[in-house]
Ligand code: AHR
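Presented as C-alpha coordinates, the chain that follows is alone, the form predicted alone.
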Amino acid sequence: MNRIVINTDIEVGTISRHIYGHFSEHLGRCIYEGYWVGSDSAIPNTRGIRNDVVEALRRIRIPNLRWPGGCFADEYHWRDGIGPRASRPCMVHTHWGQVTENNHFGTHEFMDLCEQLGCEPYICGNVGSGSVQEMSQWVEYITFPGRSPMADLRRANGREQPWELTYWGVGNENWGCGGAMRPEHYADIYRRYAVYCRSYGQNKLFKVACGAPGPNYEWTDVLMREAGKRMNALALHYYCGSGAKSRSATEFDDEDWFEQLKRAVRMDELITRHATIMDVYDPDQKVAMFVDEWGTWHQVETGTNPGFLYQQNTLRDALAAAVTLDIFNKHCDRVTMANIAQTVNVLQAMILTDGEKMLLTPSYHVFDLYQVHHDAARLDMHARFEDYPFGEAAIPAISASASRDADRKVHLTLSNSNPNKGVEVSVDLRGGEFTAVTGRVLTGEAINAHNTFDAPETIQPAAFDGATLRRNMLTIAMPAKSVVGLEIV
(Lines give C-alpha, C1' and ligand atoms only; values in the text may rest on other atoms or scores of the structure.)
Protein backbone atom coordinates (compact mmCIF):
# COMPACT_ATOMS: atom_id res chain seq x y z
CA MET A 1 0.00 0.00 0.00
CA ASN A 2 2.95 2.33 0.65
CA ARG A 3 4.53 2.77 -2.76
CA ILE A 4 6.99 5.27 -4.21
CA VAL A 5 8.12 5.63 -7.81
CA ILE A 6 11.28 7.71 -8.28
CA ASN A 7 12.36 8.74 -11.77
CA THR A 8 16.04 9.09 -10.96
CA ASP A 9 16.81 10.59 -14.38
CA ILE A 10 14.29 13.43 -14.06
CA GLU A 11 15.18 16.49 -11.98
CA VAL A 12 12.40 18.78 -10.75
CA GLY A 13 14.35 21.55 -9.10
CA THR A 14 17.20 22.14 -6.70
CA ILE A 15 16.80 21.86 -2.93
CA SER A 16 18.63 24.91 -1.63
CA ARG A 17 20.91 24.22 1.31
CA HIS A 18 19.44 27.39 2.84
CA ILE A 19 16.21 25.49 3.54
CA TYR A 20 18.24 23.93 6.36
CA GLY A 21 18.98 27.30 7.96
CA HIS A 22 18.76 28.33 11.59
CA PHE A 23 17.57 31.21 13.72
CA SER A 24 19.21 32.57 16.87
CA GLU A 25 17.65 35.44 18.78
CA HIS A 26 18.79 37.36 21.83
CA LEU A 27 16.34 35.34 23.87
CA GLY A 28 16.89 33.35 27.05
CA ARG A 29 20.13 31.36 26.87
CA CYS A 30 20.43 31.15 23.10
CA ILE A 31 23.20 33.72 22.66
CA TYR A 32 24.56 34.06 26.19
CA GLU A 33 25.52 30.60 27.53
CA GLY A 34 24.53 29.10 24.19
CA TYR A 35 27.14 30.56 21.86
CA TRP A 36 28.77 33.27 23.90
CA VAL A 37 30.68 32.55 27.12
CA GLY A 38 33.34 35.27 26.87
CA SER A 39 37.03 34.86 26.26
CA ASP A 40 37.82 34.49 29.98
CA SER A 41 35.48 31.49 30.41
CA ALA A 42 36.81 28.09 31.50
CA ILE A 43 34.63 26.58 28.76
CA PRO A 44 36.84 26.14 25.67
CA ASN A 45 36.15 29.01 23.32
CA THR A 46 37.52 31.01 20.42
CA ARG A 47 37.26 34.74 21.02
CA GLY A 48 34.41 34.10 23.47
CA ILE A 49 32.40 31.73 21.25
CA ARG A 50 32.21 28.21 22.67
CA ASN A 51 34.00 25.62 20.56
CA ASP A 52 31.75 22.60 21.19
CA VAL A 53 28.63 24.34 19.85
CA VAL A 54 30.49 25.54 16.76
CA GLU A 55 31.91 22.08 16.09
CA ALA A 56 28.48 20.44 16.43
CA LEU A 57 26.83 22.89 14.04
CA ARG A 58 29.63 22.57 11.51
CA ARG A 59 28.97 18.81 11.42
CA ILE A 60 25.48 19.43 10.05
CA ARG A 61 26.84 22.09 7.69
CA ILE A 62 24.66 24.91 8.97
CA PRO A 63 24.17 27.07 5.83
CA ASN A 64 22.95 30.33 7.33
CA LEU A 65 22.07 31.94 10.64
CA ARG A 66 19.36 34.57 11.17
CA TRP A 67 20.04 37.19 13.89
CA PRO A 68 19.41 39.20 16.16
CA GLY A 69 15.69 38.35 16.16
CA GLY A 70 12.80 37.81 16.22
CA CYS A 71 10.97 40.36 18.29
CA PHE A 72 14.33 41.46 19.69
CA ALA A 73 15.35 42.76 16.25
CA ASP A 74 12.83 45.59 16.35
CA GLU A 75 14.13 46.93 19.65
CA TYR A 76 17.82 46.37 18.87
CA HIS A 77 19.99 49.38 18.14
CA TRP A 78 23.15 48.10 16.54
CA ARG A 79 25.48 50.88 17.71
CA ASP A 80 24.96 49.65 21.28
CA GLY A 81 26.70 46.41 20.27
CA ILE A 82 29.99 47.74 18.86
CA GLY A 83 33.18 49.10 20.39
CA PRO A 84 34.85 48.02 23.67
CA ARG A 85 32.51 45.65 25.48
CA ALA A 86 33.05 47.27 28.84
CA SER A 87 31.67 50.56 27.53
CA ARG A 88 28.67 49.19 25.64
CA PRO A 89 25.36 50.40 27.11
CA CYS A 90 22.93 47.92 28.61
CA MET A 91 19.28 47.61 27.63
CA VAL A 92 16.16 46.00 29.07
CA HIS A 93 15.00 43.00 27.07
CA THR A 94 11.30 43.88 27.10
CA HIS A 95 9.99 41.01 24.99
CA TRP A 96 11.60 38.00 26.64
CA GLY A 97 11.88 38.05 30.42
CA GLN A 98 12.63 41.76 30.99
CA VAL A 99 16.23 40.91 31.79
CA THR A 100 19.20 43.20 31.23
CA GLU A 101 21.07 42.76 27.94
CA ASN A 102 24.73 43.87 28.19
CA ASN A 103 25.29 43.97 24.41
CA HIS A 104 28.56 42.04 24.67
CA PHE A 105 27.47 40.02 21.63
CA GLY A 106 27.01 42.42 18.73
CA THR A 107 27.80 42.80 15.04
CA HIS A 108 31.49 41.86 15.22
CA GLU A 109 30.80 38.84 17.42
CA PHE A 110 27.96 37.64 15.21
CA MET A 111 29.99 37.92 12.04
CA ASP A 112 32.86 36.12 13.78
CA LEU A 113 30.42 33.36 14.78
CA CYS A 114 29.28 32.98 11.17
CA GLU A 115 32.86 32.80 9.97
CA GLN A 116 33.63 30.11 12.55
CA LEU A 117 30.51 28.19 11.51
CA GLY A 118 31.27 28.61 7.80
CA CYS A 119 27.72 29.87 7.22
CA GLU A 120 26.11 32.92 5.67
CA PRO A 121 24.83 35.67 7.97
CA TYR A 122 21.21 36.74 7.71
CA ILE A 123 20.63 40.00 9.60
CA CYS A 124 17.22 41.36 10.46
CA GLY A 125 17.11 45.16 10.75
CA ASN A 126 15.06 47.28 13.14
CA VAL A 127 11.93 48.77 11.59
CA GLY A 128 9.67 48.79 14.66
CA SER A 129 11.66 51.23 16.80
CA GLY A 130 14.56 52.15 14.50
CA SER A 131 15.02 54.78 11.84
CA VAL A 132 15.78 54.57 8.15
CA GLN A 133 19.13 56.23 8.82
CA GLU A 134 20.01 53.68 11.51
CA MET A 135 19.33 50.73 9.21
CA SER A 136 21.10 52.35 6.26
CA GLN A 137 24.19 53.04 8.36
CA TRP A 138 24.28 49.47 9.67
CA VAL A 139 24.44 48.16 6.10
CA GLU A 140 27.18 50.69 5.35
CA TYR A 141 29.10 49.73 8.50
CA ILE A 142 29.12 46.06 7.54
CA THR A 143 29.60 46.17 3.78
CA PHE A 144 31.12 49.45 2.52
CA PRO A 145 34.71 48.90 1.27
CA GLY A 146 35.83 52.53 0.85
CA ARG A 147 36.20 55.54 3.10
CA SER A 148 33.00 56.66 4.80
CA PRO A 149 31.91 57.56 8.33
CA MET A 150 30.51 54.09 9.02
CA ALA A 151 33.33 52.19 7.30
CA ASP A 152 35.87 54.22 9.26
CA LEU A 153 33.97 53.45 12.46
CA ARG A 154 34.19 49.76 11.60
CA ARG A 155 37.94 50.10 11.10
CA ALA A 156 38.28 51.91 14.42
CA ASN A 157 36.58 48.91 16.01
CA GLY A 158 39.14 46.51 14.56
CA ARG A 159 37.73 45.36 11.21
CA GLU A 160 39.58 46.77 8.20
CA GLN A 161 37.81 44.89 5.40
CA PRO A 162 34.02 44.81 5.00
CA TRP A 163 32.17 41.59 5.55
CA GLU A 164 30.29 39.77 2.83
CA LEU A 165 26.58 39.94 3.58
CA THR A 166 23.76 38.81 1.31
CA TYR A 167 20.57 38.35 3.33
CA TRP A 168 18.98 41.40 4.90
CA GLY A 169 15.57 41.41 6.59
CA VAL A 170 13.65 44.69 6.63
CA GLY A 171 11.87 44.24 9.95
CA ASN A 172 10.39 41.24 11.73
CA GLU A 173 6.76 40.37 12.48
CA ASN A 174 5.73 43.94 11.81
CA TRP A 175 2.11 42.82 12.04
CA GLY A 176 2.79 42.09 15.75
CA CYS A 177 5.78 42.74 18.00
CA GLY A 178 7.49 44.69 15.22
CA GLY A 179 4.99 47.55 15.29
CA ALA A 180 1.43 46.16 15.08
CA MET A 181 1.15 47.50 11.52
CA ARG A 182 -1.53 47.00 8.91
CA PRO A 183 -0.22 45.39 5.71
CA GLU A 184 -0.78 48.57 3.72
CA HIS A 185 1.27 50.58 6.21
CA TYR A 186 4.09 48.05 6.38
CA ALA A 187 4.20 47.84 2.57
CA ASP A 188 4.86 51.58 2.42
CA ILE A 189 7.36 51.39 5.28
CA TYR A 190 9.14 48.49 3.58
CA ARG A 191 9.43 50.41 0.29
CA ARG A 192 10.95 53.37 2.12
CA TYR A 193 13.46 51.42 4.23
CA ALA A 194 14.46 49.11 1.37
CA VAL A 195 15.52 52.08 -0.78
CA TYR A 196 18.23 52.95 1.74
CA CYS A 197 19.48 49.39 2.24
CA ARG A 198 22.07 49.77 -0.49
CA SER A 199 24.42 47.36 -2.20
CA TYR A 200 28.00 48.62 -1.83
CA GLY A 201 30.94 47.58 -3.99
CA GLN A 202 30.69 43.94 -5.00
CA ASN A 203 28.28 43.16 -2.16
CA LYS A 204 24.68 42.73 -3.35
CA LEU A 205 21.91 42.70 -0.73
CA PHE A 206 19.05 40.21 -1.00
CA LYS A 207 16.20 42.10 0.66
CA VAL A 208 13.62 40.18 2.67
CA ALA A 209 10.22 41.63 3.52
CA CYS A 210 8.22 40.61 6.59
CA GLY A 211 5.66 38.04 5.52
CA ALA A 212 2.48 36.71 7.05
CA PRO A 213 1.77 34.94 10.33
CA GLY A 214 0.47 31.53 9.30
CA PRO A 215 -2.80 31.77 7.33
CA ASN A 216 -3.00 35.57 7.02
CA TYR A 217 -3.36 35.54 3.25
CA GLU A 218 -4.45 39.18 3.07
CA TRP A 219 -0.98 40.22 4.28
CA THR A 220 0.68 38.34 1.41
CA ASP A 221 -1.75 39.78 -1.13
CA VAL A 222 -1.16 43.37 -0.03
CA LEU A 223 2.62 43.04 0.24
CA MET A 224 2.98 41.43 -3.16
CA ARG A 225 0.69 43.99 -4.78
CA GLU A 226 2.26 47.06 -3.19
CA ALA A 227 5.91 46.07 -2.76
CA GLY A 228 6.53 42.80 -4.58
CA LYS A 229 8.70 44.38 -7.25
CA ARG A 230 11.00 45.83 -4.59
CA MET A 231 11.73 42.67 -2.61
CA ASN A 232 13.77 39.53 -3.17
CA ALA A 233 11.89 37.39 -0.68
CA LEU A 234 8.81 37.38 1.53
CA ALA A 235 9.18 35.69 4.91
CA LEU A 236 6.40 33.47 6.30
CA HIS A 237 6.28 32.49 9.99
CA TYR A 238 4.51 29.39 11.31
CA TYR A 239 4.88 27.48 14.56
CA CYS A 240 3.07 24.17 14.79
CA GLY A 241 2.65 24.62 18.52
CA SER A 242 2.28 21.65 20.82
CA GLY A 243 -0.17 18.84 21.46
CA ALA A 244 -3.94 18.69 21.85
CA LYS A 245 -4.14 18.57 25.66
CA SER A 246 -0.69 18.76 27.18
CA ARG A 247 1.70 21.51 26.14
CA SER A 248 4.54 19.78 27.94
CA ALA A 249 7.56 18.97 25.81
CA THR A 250 8.03 15.56 27.47
CA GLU A 251 4.76 14.57 29.18
CA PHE A 252 2.14 13.82 26.54
CA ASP A 253 0.07 10.97 25.10
CA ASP A 254 -0.81 9.60 21.66
CA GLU A 255 -3.44 12.30 21.09
CA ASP A 256 -0.87 15.04 21.71
CA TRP A 257 1.57 13.26 19.39
CA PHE A 258 -1.00 13.10 16.59
CA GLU A 259 -2.13 16.70 17.01
CA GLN A 260 1.45 17.96 16.90
CA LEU A 261 2.17 16.16 13.62
CA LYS A 262 -1.19 17.17 12.17
CA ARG A 263 -0.23 20.79 12.78
CA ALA A 264 3.18 20.19 11.21
CA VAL A 265 1.53 18.77 8.07
CA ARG A 266 -0.42 22.03 7.74
CA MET A 267 2.77 23.70 6.52
CA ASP A 268 2.06 22.24 3.07
CA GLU A 269 -1.31 24.00 2.85
CA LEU A 270 0.14 27.31 4.05
CA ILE A 271 2.97 27.31 1.52
CA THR A 272 0.63 26.26 -1.30
CA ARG A 273 -1.87 29.03 -0.61
CA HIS A 274 0.67 31.79 -0.04
CA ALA A 275 2.56 30.69 -3.17
CA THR A 276 -0.67 30.84 -5.19
CA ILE A 277 -1.11 34.49 -4.18
CA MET A 278 2.53 35.25 -4.94
CA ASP A 279 2.15 33.67 -8.38
CA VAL A 280 -0.57 36.18 -9.27
CA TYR A 281 1.83 39.09 -8.88
CA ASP A 282 5.05 37.21 -9.62
CA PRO A 283 4.36 34.47 -12.18
CA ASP A 284 8.09 34.15 -12.98
CA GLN A 285 8.81 33.41 -9.30
CA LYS A 286 11.45 36.09 -8.95
CA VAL A 287 10.43 36.61 -5.32
CA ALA A 288 11.41 33.74 -3.06
CA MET A 289 9.40 32.51 -0.11
CA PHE A 290 11.40 32.25 3.11
CA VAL A 291 9.98 30.47 6.15
CA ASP A 292 12.42 32.13 8.47
CA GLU A 293 10.71 31.09 11.71
CA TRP A 294 9.21 27.64 12.15
CA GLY A 295 9.13 24.80 14.65
CA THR A 296 7.39 23.38 17.68
CA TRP A 297 6.49 25.45 20.74
CA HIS A 298 5.88 23.78 24.11
CA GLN A 299 5.67 24.93 27.71
CA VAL A 300 8.97 25.94 29.24
CA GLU A 301 10.73 23.45 31.46
CA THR A 302 9.72 23.55 35.12
CA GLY A 303 11.74 26.01 37.15
CA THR A 304 12.96 28.08 34.20
CA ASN A 305 12.13 31.68 33.33
CA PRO A 306 8.90 31.58 31.25
CA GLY A 307 10.33 34.35 29.06
CA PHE A 308 13.34 32.22 28.12
CA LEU A 309 11.36 29.61 26.12
CA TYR A 310 13.65 26.75 27.19
CA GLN A 311 12.07 23.40 26.31
CA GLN A 312 13.18 19.81 25.97
CA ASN A 313 13.19 18.09 22.59
CA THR A 314 11.82 14.59 22.03
CA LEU A 315 11.27 12.09 19.26
CA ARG A 316 7.99 13.92 18.57
CA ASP A 317 9.93 17.08 17.68
CA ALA A 318 12.20 15.02 15.42
CA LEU A 319 9.21 13.71 13.46
CA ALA A 320 7.75 17.23 13.20
CA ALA A 321 11.09 18.43 11.80
CA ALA A 322 11.29 15.60 9.24
CA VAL A 323 7.73 16.17 8.02
CA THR A 324 8.32 19.91 7.70
CA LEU A 325 11.64 19.57 5.88
CA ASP A 326 9.99 17.20 3.38
CA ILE A 327 7.37 19.88 2.71
CA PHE A 328 10.06 22.51 2.12
CA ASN A 329 11.89 20.16 -0.24
CA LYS A 330 8.65 19.57 -2.15
CA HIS A 331 8.20 23.33 -2.60
CA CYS A 332 11.84 24.09 -3.42
CA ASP A 333 10.78 26.02 -6.52
CA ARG A 334 9.43 28.79 -4.27
CA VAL A 335 10.87 28.06 -0.80
CA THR A 336 14.59 28.78 -0.92
CA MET A 337 15.30 29.44 2.75
CA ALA A 338 13.88 28.32 6.09
CA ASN A 339 15.12 28.91 9.63
CA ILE A 340 14.17 26.63 12.50
CA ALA A 341 13.67 28.34 15.85
CA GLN A 342 15.97 28.39 17.68
CA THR A 343 19.44 26.90 17.44
CA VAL A 344 20.54 26.65 21.09
CA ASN A 345 18.52 26.45 24.34
CA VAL A 346 15.33 28.01 22.92
CA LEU A 347 12.22 26.32 21.44
CA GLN A 348 13.03 23.49 18.99
CA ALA A 349 16.76 23.72 19.54
CA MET A 350 19.49 21.67 17.90
CA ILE A 351 21.65 21.92 21.03
CA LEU A 352 21.07 22.29 24.76
CA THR A 353 23.77 23.49 27.14
CA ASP A 354 24.20 23.49 30.91
CA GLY A 355 27.42 25.19 31.91
CA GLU A 356 30.22 23.22 30.30
CA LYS A 357 27.82 20.40 29.34
CA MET A 358 26.26 20.13 25.87
CA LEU A 359 23.88 17.69 24.24
CA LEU A 360 22.46 17.15 20.77
CA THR A 361 18.68 16.90 20.47
CA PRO A 362 16.64 14.52 18.30
CA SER A 363 15.92 17.47 15.97
CA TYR A 364 19.67 17.93 15.47
CA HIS A 365 19.92 14.34 14.31
CA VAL A 366 17.16 14.90 11.73
CA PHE A 367 19.13 17.82 10.30
CA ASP A 368 22.13 15.50 10.23
CA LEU A 369 20.24 12.81 8.29
CA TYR A 370 18.79 15.38 5.87
CA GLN A 371 21.97 17.31 5.08
CA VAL A 372 22.39 15.02 2.05
CA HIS A 373 19.72 17.15 0.36
CA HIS A 374 21.76 20.37 0.56
CA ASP A 375 21.88 21.87 -2.96
CA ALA A 376 20.93 18.46 -4.39
CA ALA A 377 18.69 17.89 -7.41
CA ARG A 378 15.16 17.06 -6.30
CA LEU A 379 14.05 13.94 -8.14
CA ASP A 380 10.66 13.32 -9.71
CA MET A 381 8.80 11.25 -7.14
CA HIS A 382 5.27 9.88 -7.04
CA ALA A 383 3.92 8.25 -3.91
CA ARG A 384 0.87 6.65 -2.37
CA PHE A 385 0.93 6.25 1.40
CA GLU A 386 -1.45 4.78 3.93
CA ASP A 387 -3.12 7.03 6.48
CA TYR A 388 -2.21 7.38 10.11
CA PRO A 389 -5.69 7.70 11.63
CA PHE A 390 -6.59 9.01 15.06
CA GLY A 391 -10.22 9.30 16.04
CA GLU A 392 -12.06 10.87 13.11
CA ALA A 393 -8.94 12.54 11.70
CA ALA A 394 -6.03 11.21 9.68
CA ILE A 395 -2.72 12.35 8.21
CA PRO A 396 -0.36 10.53 5.84
CA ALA A 397 1.68 8.01 7.79
CA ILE A 398 4.75 8.46 5.60
CA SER A 399 6.64 11.52 4.45
CA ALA A 400 9.59 11.39 2.05
CA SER A 401 12.15 13.32 -0.03
CA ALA A 402 14.36 12.05 -2.85
CA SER A 403 17.38 13.81 -4.33
CA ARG A 404 20.62 13.21 -6.22
CA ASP A 405 23.86 14.87 -5.15
CA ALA A 406 26.80 16.11 -7.21
CA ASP A 407 28.40 12.64 -7.05
CA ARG A 408 25.27 11.12 -8.64
CA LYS A 409 24.29 9.33 -5.43
CA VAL A 410 20.56 9.06 -4.77
CA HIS A 411 19.33 9.85 -1.28
CA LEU A 412 15.91 9.00 0.11
CA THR A 413 14.73 10.23 3.50
CA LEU A 414 11.50 8.96 5.01
CA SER A 415 9.58 9.33 8.26
CA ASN A 416 6.87 7.14 9.76
CA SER A 417 4.63 9.28 11.97
CA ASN A 418 2.59 6.37 13.32
CA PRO A 419 3.90 5.75 16.84
CA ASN A 420 2.33 2.29 17.12
CA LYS A 421 2.83 0.61 13.76
CA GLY A 422 5.80 -0.25 11.61
CA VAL A 423 5.24 0.00 7.87
CA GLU A 424 6.68 -1.46 4.71
CA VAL A 425 7.42 0.86 1.81
CA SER A 426 8.20 -0.33 -1.71
CA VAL A 427 10.24 1.95 -3.96
CA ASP A 428 10.50 1.57 -7.73
CA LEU A 429 13.77 3.18 -8.85
CA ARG A 430 13.53 4.08 -12.54
CA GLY A 431 15.98 5.68 -14.92
CA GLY A 432 19.18 4.10 -13.59
CA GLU A 433 20.90 0.99 -12.35
CA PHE A 434 21.43 0.54 -8.63
CA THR A 435 23.28 -2.16 -6.76
CA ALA A 436 23.59 -1.14 -3.10
CA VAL A 437 21.75 0.67 -0.32
CA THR A 438 22.95 1.82 3.09
CA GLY A 439 21.16 3.80 5.73
CA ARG A 440 20.64 5.12 9.23
CA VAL A 441 17.54 5.25 11.42
CA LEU A 442 16.43 7.56 14.23
CA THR A 443 13.87 6.15 16.64
CA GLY A 444 13.30 5.38 20.30
CA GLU A 445 11.43 3.13 22.67
CA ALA A 446 8.90 5.75 23.80
CA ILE A 447 7.16 8.63 22.06
CA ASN A 448 8.67 11.05 24.58
CA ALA A 449 12.21 9.66 24.39
CA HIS A 450 14.78 12.43 24.64
CA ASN A 451 18.35 13.18 25.56
CA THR A 452 19.36 14.54 28.95
CA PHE A 453 22.65 15.73 30.35
CA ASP A 454 22.83 12.50 32.35
CA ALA A 455 21.95 10.38 29.28
CA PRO A 456 22.90 12.50 26.22
CA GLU A 457 22.86 9.63 23.70
CA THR A 458 19.44 8.09 24.37
CA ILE A 459 18.25 9.20 20.92
CA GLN A 460 20.79 9.16 18.10
CA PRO A 461 20.99 7.63 14.62
CA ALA A 462 21.92 3.97 14.30
CA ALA A 463 22.80 1.78 11.35
CA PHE A 464 19.68 0.67 9.46
CA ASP A 465 19.41 -2.82 8.00
CA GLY A 466 15.73 -2.71 7.06
CA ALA A 467 16.25 -1.82 3.38
CA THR A 468 16.59 -4.49 0.67
CA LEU A 469 17.44 -3.75 -2.97
CA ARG A 470 16.67 -6.21 -5.78
CA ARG A 471 16.76 -5.17 -9.45
CA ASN A 472 15.97 -1.54 -8.74
CA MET A 473 13.12 -2.45 -6.41
CA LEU A 474 13.75 -1.21 -2.91
CA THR A 475 11.80 -2.57 0.07
CA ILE A 476 11.99 -0.66 3.34
CA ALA A 477 10.75 -1.99 6.67
CA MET A 478 10.31 1.18 8.72
CA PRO A 479 9.89 0.98 12.48
CA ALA A 480 7.10 2.91 14.16
CA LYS A 481 7.88 6.57 15.01
CA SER A 482 11.07 6.67 12.98
CA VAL A 483 13.11 8.71 10.54
CA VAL A 484 15.25 6.84 7.99
CA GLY A 485 17.95 8.14 5.65
CA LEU A 486 19.11 5.97 2.74
CA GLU A 487 21.94 6.25 0.21
CA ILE A 488 21.40 4.33 -3.02
CA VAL A 489 24.19 3.71 -5.53
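Fair warning: this is a prediction, and the values are worked out from it, not measured in the lab. The numbering used is simple: start at 1 and walk along the sequence shown.
In what follows, reference is made to the form predicted in complex with this ligand, a form of this protein that is not presented.
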| field | Proximity of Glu101 to this ligand in the predicted bound form, heavy atoms at 4.5 Å | value | no
| Does at least one non-hydrogen atom of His237 fall within 4.5 angstroms of this ligand in the predicted bound form? | yes
| field | 4.5 Å heavy atom contact, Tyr217 to this ligand in the predicted bound form | value | no
| said: Under a 4.5 Å heavy atom criterion, is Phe252 part of the interface with this ligand in the predicted bound form? | reply: no
| said: So if I measure heavy atom distances to this ligand in the predicted bound form, which of the stretches 336 to 344, 154 to 162, 398 to 406, 127 to 135 falls within 4.5 Å? | reply: 336 to 344
| query | So which of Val427, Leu27, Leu442, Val53 gets a non-hydrogen atom within 4.5 Å of this ligand in the predicted bound form? | reply | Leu27
| query | Which of these residues, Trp96, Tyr388, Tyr310, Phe110, gets a heavy atom within 4.5 Å of this ligand in the predicted bound form? | reply | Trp96
| Residues in 464 to 489 with any heavy atom within 4.5 Å of this ligand in the predicted bound form | none
